[in-house]
Ligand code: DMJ
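Just one chain is shown here, as structure tokens, and it is the form predicted on its own.
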Amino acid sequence: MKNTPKLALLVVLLVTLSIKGQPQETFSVRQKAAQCKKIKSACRHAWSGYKKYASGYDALKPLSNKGHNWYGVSFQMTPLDAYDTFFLLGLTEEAKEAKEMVVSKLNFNVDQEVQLFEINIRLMGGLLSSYELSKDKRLLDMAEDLGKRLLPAFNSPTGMPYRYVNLKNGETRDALSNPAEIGTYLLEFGKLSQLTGDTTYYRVAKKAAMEIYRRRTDIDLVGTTIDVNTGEWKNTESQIGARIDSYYEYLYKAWLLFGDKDCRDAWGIHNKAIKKYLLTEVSSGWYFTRVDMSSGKETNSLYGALDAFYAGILALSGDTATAGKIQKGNYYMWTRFNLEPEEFNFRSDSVLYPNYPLRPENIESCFYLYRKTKDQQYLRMGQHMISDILTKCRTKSGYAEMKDVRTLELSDSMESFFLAETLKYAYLLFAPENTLDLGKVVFNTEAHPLRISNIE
């Protein structure tokens, strides 16, 4: 069937009625507890499958029941990513098992090139969070060892890091990077500086982020790719999704976590420009479009799963009005296509990339919006999305990403962020607020909680 504006309007009406048509009474304590119980069960199911078929590997392949490593060696991504989720959910035995795998098997003294960004958010973030929760000094020692091995990546002419670094010899490669892979170190490196007393880590991370910021255009936007050797933009399209998203996220969160006013000011300037030039309303809701970084003119009306995070960061910053409008679009994107696609064109209402790799951002935004507003609609949205994941993505050994949300065909992958982020935000949406106080912790972009304290 050809997509039309009338069809989009019909779907919006049905989505609205589906939310409004549900019982409007407050979720009872018992109802919330029942949701938490389901999510705990899902965690146990995913962990049991990992232990049985993929123990010692980075991740489980939940259709073939095999283990998968990102590189030639395992970096224990699933147990390290999952530890603080198990801790917060009160899964004591699972947390103990995960931590034992990490401390007994994780080793960074290997001749292996790794992607700086992913290793930082998953492993560095996981180690630091796990240390703050468990007080096991071995985890902090491992984080410091990893930090020293990652530092050579920042030895570029601009101070913006190369994308890849060898953990043993410090060799680097790939100068063509992006704001997310350049600016997403403030939280982890800042916390490492706090815990070790070595200010080098936060200094290099902040310089990298500020090098992106100072290369913003006259209308305060940044592009998608940049050469870290020359500082020249190579792709001048501005957007908030893949390759840029967590750069914006970390500017605001560095202010929350450390009280860094430079980062707060940079966030404010960028956010104002984003809302002015990118935020767009169509019949199905509010979305962020893509524009030329210098002129602000639209280049492509694409939106997707990763973009959905921005409603959450806006809610966290206090702008719940704008966040609520965006979340309605996020929820439309989810319900329109069975589950949310990785990317769709919000003007033509058509799917571009139909896969759903178990991403958390839509549920994450529901979590922040509910915490800030106590509006029951975000619980209902979250309940719907969580139910879809736990039923449509479940396998005998875990949960699989969806190859095509239109056909519900699954793909043989369960990334570690499913345990680190998706199930954690799902649980916290319904858990008692004293389970985690947003006034005391900040989540990194992999949902590892870090304790708030001044950087000085």
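Treat the numbers as computed from the prediction; the structure is a model and nothing was measured. From 1 onward, residues are counted along the sequence shown.
What follows is about the form predicted together with this ligand, which we do not show.
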Do residue 382 and this ligand come within 4.5 Å of each other in the predicted bound form, heavy atoms counted? no
4.5 Å heavy atom contact, residue 329 to this ligand in the predicted bound form: no
is_contact(residue 147, this ligand) in the predicted bound form, heavy atom dist at most 4.5 Å: no
Taking 4.5 angstroms as the cut-off for heavy atoms, does residue 336 touch this ligand in the predicted bound form? no
Work out which of 122, 206, 99, 270 lies within 4.5 Å of this ligand in the predicted bound form, going by heavy atoms. 122
Of 260, 361, 349, 94, which one comes within 4.5 Å of this ligand in the predicted bound form, counting heavy atoms only? 361
Which of 139 to 147, 113 to 121, 194 to 202, 291 to 299 lines the interface with this ligand in the predicted bound form (heavy atom within 4.5 Å): 113 to 121
In sequence order, which positions of 304 to 323 have a non-hydrogen atom within 4.5 Å of this ligand in the predicted bound form? 306
